[in-house]
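One chain comes next, on its own, written as structure tokens: the form predicted alone.
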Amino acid sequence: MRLKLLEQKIFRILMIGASCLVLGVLLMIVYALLRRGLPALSWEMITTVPGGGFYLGKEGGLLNAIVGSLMIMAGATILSLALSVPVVMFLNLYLDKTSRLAYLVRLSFDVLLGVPSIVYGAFGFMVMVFLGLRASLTGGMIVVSLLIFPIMARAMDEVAAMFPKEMKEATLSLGATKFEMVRVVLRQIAPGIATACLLSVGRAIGDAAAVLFTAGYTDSIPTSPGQPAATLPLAIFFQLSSPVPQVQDRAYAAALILTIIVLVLSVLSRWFAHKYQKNKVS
């Protein structure tokens, strides 16, 4: 009995220590961003594009990178969602759990999850060279969508797998087809889909390697899909590479902006999931 109590105390201490470690790392990151980035953050940085000599510490802002990141993130999320939903529904409603095809597809998702983003960027660059395309907003969207597709699909698959089998059988017993049952399943797992999108958005907006070769970089806001687009991660990388301390502080300000965007999207997604879960008809 004493041994069990001792084990319980040890694991309790380990869990508390791990939680404090994670919280401590988060607070250290936030503190570093606020200490270096907040003094350099200004309304001009958020609302203007880089001017002449911006990377030498002169006038201008990061509006081009903010808008470019949001555009690539939105486009990639929509493309990935359009791919993930049919695949997940097919796996869970049309295939048996013991199906070899379903096993291979899920194994492919797990393998793709471990592929570094730079590999996706190199693959996208190779395809673009083969097709004679240049770095553009469209190229960034497509490559980032391929990057987050396994994340979104695997998260949605885990949620769809928990959908009660009895409810599926009850839906079919009422005369509904499997295609009609998809609407029922999607309604029930909508909070899980929102969470999957949240995980994917965080990866999409914060990745630099995939867009380095495919989206390019520009000091202006893209007005067409064929133009290059700047992103916040690349803006941070380029500014941190500068020897000018003022420009390096702007890099921390850009990192702070990126963190705030991810935080706002996280809060909105969780609020949506909570509201939808509360109003969902069982």
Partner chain sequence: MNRTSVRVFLSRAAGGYMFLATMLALMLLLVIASGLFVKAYPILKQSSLWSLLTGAVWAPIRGFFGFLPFISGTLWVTGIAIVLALPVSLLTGIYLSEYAPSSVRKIAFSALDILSGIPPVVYGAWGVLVVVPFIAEWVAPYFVEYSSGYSVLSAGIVLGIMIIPLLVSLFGEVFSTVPKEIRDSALSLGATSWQTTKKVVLKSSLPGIFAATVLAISRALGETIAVLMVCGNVVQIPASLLDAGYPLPALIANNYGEMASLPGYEAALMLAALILLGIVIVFNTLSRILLLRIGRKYALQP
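Computed from a predicted model, the values in this text were never measured in an experiment. Rigid core here is just the name for the largest C-alpha set that superposes within 1.5 Å across the two forms. Positions refer to the first chain, counted from 1.
FYI, the form predicted in complex with its partner chain isn't displayed, but the following is about it.
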All three of Y55, M71 and L268 touching its partner chain in the predicted complex at 4.5 Å, heavy atom to heavy atom?
no
Just to confirm, with a 4.5 Å cut-off on non-hydrogen atoms, which of L112, A194, V159, L133 contacts its partner chain in the predicted complex?
L112
In the predicted complex, the one of L38, V244, I46, L26 near its partner chain [non-hydrogen atom within 4.5 angstroms]
L26
Considering non-hydrogen atoms and a 4.5 Å limit, does its partner chain approach G61 in the predicted complex?
no
Can L21 be called a contact residue for its partner chain in the predicted complex at 4.5 Å between heavy atoms?
yes
In the predicted complex, does L212 have a heavy atom within 4.5 Å of its partner chain?
yes
Tell me, yes or no, whether G75 is in contact with its partner chain in the predicted complex, where a contact means a heavy atom of each within 4.5 Å.
no
Within 4.5 Å of its partner chain in the predicted complex, which residues of 148-177 have a heavy atom? Give them in sequence order, or say none.
F149, R154, G175, A176, T177
Establish whether a shift of 2 Å or more occurs at the C-alpha of L33 between this form and the one not shown, with the two forms superposed on the rigid core.
yes
